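So this first bit is one chain, no partners, the form predicted alone, shown in structure tokens.
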Amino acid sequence: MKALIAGAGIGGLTTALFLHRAGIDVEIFESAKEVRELGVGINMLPHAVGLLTELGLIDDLDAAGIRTRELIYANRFGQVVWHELRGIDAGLPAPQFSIHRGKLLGLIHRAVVERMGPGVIRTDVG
């Protein structure tokens, strides 16, 4: 069996890693000329981090992002309106991460290339 994946974004590359782990051959098609680390800061909730942990990427996440311990909302005077522990600090099985979207894409992309080879992703396919 062979799976064809449209898009080498976070979702497509993560899907490729899971399919590869299950023994399914994968080919990824990307319309961009290259996979680039673009974006802004995002928060990865623990359920998503748990999935990437299953793929062996927790050390890469720790190197590229920051474990989010607590979420705090404050008013314009700096007074705390609401706060909540996050991830492991909240008793969940996985941490929450604050990470640049491009860095996240980069570490998943590197895992795909290392595990499946550079030829698995076809770029500039419109």
Ligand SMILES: Cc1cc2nc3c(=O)[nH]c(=O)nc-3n(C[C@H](O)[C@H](O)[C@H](O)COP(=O)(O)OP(=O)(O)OC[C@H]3O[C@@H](n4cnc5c(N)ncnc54)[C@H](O)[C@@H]3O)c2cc1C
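In this text, all values refer to a predicted model and were calculated from it rather than measured experimentally. Residues carry their position along the shown sequence, with the first being 1.
Only in words, not in the display: the form predicted together with this ligand, which the text now covers.
**Student:** Pick from 107, 116, 19, 10: which residue has any heavy atom within 4.5 angstroms of this ligand in the predicted complex?
**Tutor:** Selected option: 10.
**Student:** Quick one: from 42, 92, 57, 51, grab the residue that has a heavy atom within 4.5 Å of this ligand in the predicted complex.
**Tutor:** Exactly one listed residue reaches within 4.5 Å, namely 42.
**Student:** Might residue 125 be said to contact this ligand in the predicted complex, defining contact as any heavy atom within 4.5 Å?
**Tutor:** Within the cut-off, so yes.
**Student:** Can any non-hydrogen atom of residue 100 be found within 4.5 angstroms of this ligand in the predicted complex?
**Tutor:** Heavy-atom contact with this ligand at 4.5 Å: absent for residue 100.
**Student:** Does any residue in 58-97 get within 4.5 Å of this ligand in the predicted complex, counting heavy atoms only, and if so which ones?
**Tutor:** Residues within 4.5 Å: none.
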